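So this first bit is one chain, no partners, the form predicted alone, shown in structure tokens.
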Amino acid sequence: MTKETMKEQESGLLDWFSSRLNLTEIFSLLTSYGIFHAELDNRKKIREAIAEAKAQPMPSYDQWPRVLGLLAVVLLLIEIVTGALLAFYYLPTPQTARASIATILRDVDFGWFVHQIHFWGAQLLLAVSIVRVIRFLIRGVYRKPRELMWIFGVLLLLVCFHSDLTGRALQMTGTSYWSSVRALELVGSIPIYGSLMLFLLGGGETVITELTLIRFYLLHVALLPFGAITLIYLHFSGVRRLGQTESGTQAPPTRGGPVIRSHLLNQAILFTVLFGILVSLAVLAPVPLGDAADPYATVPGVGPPWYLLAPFGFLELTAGFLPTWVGGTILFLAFTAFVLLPFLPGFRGESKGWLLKFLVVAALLTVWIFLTIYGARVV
């Protein structure tokens, strides 16, 4: 079969589907997550829409530091796929949770590999989300008209924290159980948010019961991934509307086929490197499965997850002169102010000098690192 014949068959098949489905609308979904970086006109057929997109200047998300958004998309996709594979064997009850994970690791073909990829993918997603928020802060993404992009980025980080926390509880090992309990105790000290979360998780107690575990499972496999997908979609929607953060609606000097080929090649390289890192971590640094949890025997030296050590350290540091609910209120107000940063006085105007921004970010990171180290020491 000649190349011309193959092209004719592919063209005929594409035309057959195009006459029955709006392929342009389906394909344009990729532009909502940065995979294909040109916006398509859904009213036109896919050939015409792609040809028109090639003729327009196209932003690219596959160059540093804009690649962080695309990395978050890929890591989230990896988490969804590996999580779905694990869900085929996982049983969300306190009596069977750890045993089902042990079965995955021991008896299911490549089950250990999928489990390790899922774990390390979650850690990398957390790291990428944190770096994105730091970058947004340095670049002043919170300034008008990108206020919502800042809010979406911070909320995505919060969703990632909750996703890791709920997944940690599902293992029902001694370490994961008591780490989750310490996290619930921390959450319970925060007014409004803490009361709501504990109520949703089973009635306001900082223990993990069968009902709590099922609700953790529902949050982890359904509600939180849906929230993350929605926030990423809204973020890229804002990017397409307002342009990239570096210089508004800038466009690369070239356009058309070479830009698309370069974009796809950069993505292939990015995905290969990312997958190589995940495989290396899964093989060289596997996380062992601990002993089964005993709700009546506290595991010494276990604190909340690493990303909650800073607020935990703050509460411990201020416990001598502030009631717990006051410390929790301070944490709640501080995070609320961080989310609503674009609307606070002093952050609405033009960008401040780079030195001032650097000092502010450095001060925030220093305080966070200090509280994290303190929280780890007092566990």
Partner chain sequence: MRQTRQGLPLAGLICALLALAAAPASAQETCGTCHPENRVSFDESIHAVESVTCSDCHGGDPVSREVEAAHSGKFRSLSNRREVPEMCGSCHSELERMRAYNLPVDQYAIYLTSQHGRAVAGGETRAAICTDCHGVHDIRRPRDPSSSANERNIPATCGQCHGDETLMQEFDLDPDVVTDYRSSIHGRLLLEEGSSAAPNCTSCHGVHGATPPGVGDVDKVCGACHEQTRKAFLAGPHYRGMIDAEIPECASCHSNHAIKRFGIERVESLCAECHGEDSDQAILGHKIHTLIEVASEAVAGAEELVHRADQAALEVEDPLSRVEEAKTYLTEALPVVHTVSQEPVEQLTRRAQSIAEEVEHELYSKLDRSVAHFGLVLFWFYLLLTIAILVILKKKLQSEAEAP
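Positions refer to the first chain, counted from 1. All of these numbers come straight from a predicted model, not from anything done at the bench.
FYI, the form predicted together with its partner chain isn't displayed, but the following is about it.
Problem - One stretch from 296 to 304, 138 to 146, 283 to 291, 207 to 215 that, in the model of the complex, holds residues within 4.5 Å of its partner chain by heavy atom - result: Residues of 283 to 291 come within 4.5 Å of the partner.
Practice task
Indicate whether L265 is a 4.5 Å heavy atom neighbour of its partner chain in the model of the complex.
Solution key: Within the cut-off, so yes.
Exercise for the section: Indicate whether its partner chain has at least one heavy atom within 4.5 Å of a heavy atom of L105 in the model of the complex. Expected result: So L105 counts as contacting its partner chain.
Exercise for the section: State yes or no: in the model of the complex, is some non-hydrogen atom of R98 no more than 4.5 angstroms from a non-hydrogen atom of its partner chain? Expected result: Yes, R98 lies within 4.5 Å of its partner chain in the model of the complex.
Practice task
Give a yes/no on whether I277 approaches its partner chain to within 4.5 Å in the model of the complex, heavy atoms considered.
Solution key: Yes, I277 is a contact residue.
Exercise for the section: May I ask you to choose, among A87, L158, I192, I269, the residue with a heavy atom within 4.5 Å of its partner chain in the model of the complex? Expected result: Selected residue: I269.
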